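Single chain ahead, written as structure tokens, the form predicted alone.
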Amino acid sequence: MLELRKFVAPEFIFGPEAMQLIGRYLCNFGAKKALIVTDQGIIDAGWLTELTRLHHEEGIESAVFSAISPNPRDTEVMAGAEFYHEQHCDVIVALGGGSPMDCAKGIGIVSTNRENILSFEGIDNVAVPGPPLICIPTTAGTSADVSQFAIISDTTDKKKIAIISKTVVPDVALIDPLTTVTMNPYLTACTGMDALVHAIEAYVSTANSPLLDLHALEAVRLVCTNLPKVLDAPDDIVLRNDMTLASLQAGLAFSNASLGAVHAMAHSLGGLLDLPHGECNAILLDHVIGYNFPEAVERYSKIGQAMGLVDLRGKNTAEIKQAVLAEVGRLKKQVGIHKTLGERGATLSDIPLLARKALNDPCMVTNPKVPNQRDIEVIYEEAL
């Protein structure tokens, strides 16, 4: 069946030393003073110092907002928007992983719409775009630098909300693999698995299309080929480049095809227990694949082939499912993500609430199999 599909992506520059172009792009936007949104880890790694040097060379001032949690909170976004106005900034630069980038997106739309960040939850609920936004990712996996998603923690309801809108697509992404060498091994593993889940969920999404399939499958191949290697050789810039490319490819896919039950359930978990997003995705991935498999056998088979399973031809459905699940499990173990949800603090009594929140997440809309409350509860129980 032929269908209409759209493709949304920012302008992006990819490759070593892409960050060096920050001054040029700030000048292109006519910036007088930039708000740099980052976190303490990035400051300690030295990237803020480098970024500041680069834009000061162009005579552009800046103010720094770094009071950001690993899962950015609604209160932090609102404080950042107030700081943006107090400092009379006119452009926003996000420097860091998914947390600073999502927070920066939130700050931007709050600063122009003058509403609480939680009011934008859902799809296409942002009336006025934010100021120019430049993203410089320092991790390889979240893809916030190219996506139309922003994920913010609701501190009152203890859940993560998804804001999905073209208005949060960055104007420019400077994607520099050199900035990812300062990630520690576990962050490298978690963000790499996040990229893998983005690619897999985009490929089996009910909004998949040939425009996106190429990006999704290439991202799967790149992650499975390079993630174990980069953990053994963290300073290898070629491997870092390939993992950054995997994140980019996965981001282009999921930003347009959306996601599925893994992300919906991970958002619920992260909101309640404040767990790392990539780790939540990795823990849930094989359990959700097992649930979805009957609805997307051919697509999961192609994912298996992209993961390196070359002997799937001639196997029946049950054998293919077993092989794909085994390969996902093997990769998780190889990169060091082996804890259960129970070991990370989830309890059986949490599950009904987690499931209710996950069912209402926008990412669930494009899951290949339509779940009910009990289906989601069972998946969580299996992951305990």
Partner chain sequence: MKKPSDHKTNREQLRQSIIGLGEKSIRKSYYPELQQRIAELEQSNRELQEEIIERQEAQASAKKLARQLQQSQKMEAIGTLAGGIAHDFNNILSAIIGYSELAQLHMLSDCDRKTCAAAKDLDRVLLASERAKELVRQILTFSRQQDYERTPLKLSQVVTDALSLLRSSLPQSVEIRTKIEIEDELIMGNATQIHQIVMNLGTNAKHAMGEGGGILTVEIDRIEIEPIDEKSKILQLAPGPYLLLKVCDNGCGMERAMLDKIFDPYFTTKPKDQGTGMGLAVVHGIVKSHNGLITVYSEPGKGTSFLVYLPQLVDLPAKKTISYSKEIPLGTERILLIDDEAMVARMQGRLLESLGYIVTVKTDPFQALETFTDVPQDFDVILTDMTMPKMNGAVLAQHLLEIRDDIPIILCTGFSELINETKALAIGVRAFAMKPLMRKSIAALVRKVLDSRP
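Residue numbers count along the first chain shown, from 1. All values derive from a computational prediction rather than experimental measurement.
One more form of this protein exists, namely the form predicted together with its partner chain; it is left out here, but the text below deals with it.
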Looking in the model of the complex, is its partner chain within 4.5 angstroms of a heavy atom from every one of Arg5, Asn256 and Val370? yes
Given that the partner is absent here, does Gln322 sit within 4.5 Å of its partner chain in the model of the complex, heavy atoms only? no
Could you confirm whether Ala306 comes within 4.5 Å of its partner chain in the model of the complex, counting heavy atoms only? no
Taking any heavy atom pair closer than or equal to 4.5 Å as contact, tell me whether Asp311 reaches its partner chain in the model of the complex. no
Would Trp47 show up as a contact with its partner chain in the model of the complex if we use heavy atoms at 4.5 Å? no
Tyr84, Phe120, Phe293, Tyr203 - the one with a heavy atom within 4.5 Å of its partner chain in the model of the complex: Tyr84
The one residue among Ala207, Leu231, Leu273, Leu187 placing a heavy atom within 4.5 Å of its partner chain in the model of the complex is Ala207
Looking at 123 to 131, 67 to 75, 279 to 287, 152 to 160, which one sits within 4.5 Å of its partner chain in the model of the complex if you count heavy atoms only? 123 to 131
Using a 4.5 Å cut-off on any heavy atom, which residues of 135 to 167 would contact its partner chain in the model of the complex? Gln148, Lys166, Thr167
